[in-house]
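Given next, in structure tokens, is a single chain: the form predicted alone.
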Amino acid sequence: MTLITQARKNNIPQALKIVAADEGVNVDFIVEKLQSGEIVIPANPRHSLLHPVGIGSGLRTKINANIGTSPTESAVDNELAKLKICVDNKADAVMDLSTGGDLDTIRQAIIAASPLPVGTVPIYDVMVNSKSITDVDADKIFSTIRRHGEQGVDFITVHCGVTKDLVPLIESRVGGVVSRGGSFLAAWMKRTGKENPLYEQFDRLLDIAYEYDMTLSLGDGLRPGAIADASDTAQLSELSTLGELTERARARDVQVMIEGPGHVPLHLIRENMEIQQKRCKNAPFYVLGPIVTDVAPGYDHITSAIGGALAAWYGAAFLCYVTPAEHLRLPSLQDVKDGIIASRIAAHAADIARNLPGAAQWDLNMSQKRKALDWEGMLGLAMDPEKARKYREDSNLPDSPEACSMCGDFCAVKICRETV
């Protein structure tokens, strides 16, 4: 049984109790929101090391970090090093997006080592292990999804809303299709003339998801990859389809969240969040960014954090980090850390605005340490204590241990404390 089915039978799974304790809310709240579909807890029972995480309404905004190999960089040890960075820097979930090397071995190593929920995109596995597009059929897609469930994957991105009738809508786009899974399925449909199996055989997908209690992350295969394409007909038509599929999944006690854009200018973010909430009946919204400008390669962890803070303030529940390497290369270990911290800043800023329990208290504690010129206290409370300490230790400190190298004896806090 899925967590939802167990909760409906008044058997409260331990995962719900853990989430309630972590969030500082009553377990009845978690039960209610899980049953309504406004919260998901990705937790495949086969993932033995998992610490469950809740995503959705009334909970702290969560962060996902993508890791994974490429055809040119496929060392398992490097992915496990990235995973450690994700855990150490307090990401809430991780996705294995590997496309190079032995994908099963890599995936199983990540699941075995991860206390975080692990997500995958099974169509990547299908793509890598097929000789050509026409070598792919529905059985290959669904057998791959089942294998991921058997291995303990907690949530999967499935591009069910990329349907045959929507493919022509992308022809007028500036950026085309930037989702790998979306582009593959669009190409497969054009080549074969068939409908997307993930849409056409959605009940088959639900059967597998129910069996392994894998949360379905309904992917935005037609998300805008250019500011000029934001909120276009292709994107919003796909979202409407995902709303219909959300209701079908909920009727089967399968957990669902919805993936969102993408490249979106600031003035359209609120509209995007509100449309999703309406069409998808408040299913948790999992957004990539949104990236608010196209012109900052090398700094897209910043463009993403700007959009992510606004998106979370308007209702997004789950932010997929973007690293400085976005659009340029496979992220390095440092890129992974920088992406996580940038997204955590965005999430925390939104949580303060949402008045979530404990969010503002963290900032109040930091402010009190600053007023007291308690440097150890400040460093301990920093989002990235390691970096903050390095900056402090590397600076040319003045004689007074209370001051910093920027202000020295002209420290405003020190002056006010001594004279006011």
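All values reported here derive from a predicted model rather than from experimental measurement. In case it trips you up, residue 1 is the first one in the sequence shown, and so on.
What follows is about the form predicted in complex with another copy of the chain, which we do not show.
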{"query": "All of I170, A346 and A353 with a heavy atom within 4.5 Å of another copy of the chain in the predicted bound form", "finding": "yes"}
{"query": "One residue of A81, L236, L266, A138 in contact with another copy of the chain, assessed in the predicted bound form (non-hydrogen atom, 4.5 angstroms)", "finding": "L266"}
{"query": "Partner-contacting position among I85, V178, I208, A109 - heavy atom within 4.5 Å of another copy of the chain in the predicted bound form", "finding": "V178"}
{"query": "Residue stretch of 323 to 331, 236 to 244, 144 to 152, 276 to 284 approaching another copy of the chain in the predicted bound form, non-hydrogen atom distance within 4.5 Å", "finding": "323 to 331"}
{"query": "Residue contact check: K194 to another copy of the chain in the predicted bound form, 4.5 Å heavy atom", "finding": "no"}
{"query": "Residue contact check: Q14 to another copy of the chain in the predicted bound form, 4.5 Å heavy atom", "finding": "no"}
{"query": "Contact label in the predicted bound form: S132 to another copy of the chain, heavy atom within 4.5 Å", "finding": "no"}
{"query": "Proximity of V158 to another copy of the chain in the predicted bound form, heavy atoms at 4.5 Å", "finding": "no"}
{"query": "Residues in 136 to 157 close to another copy of the chain in the predicted bound form, defined by a heavy atom within 4.5 Å, in order", "finding": "none"}
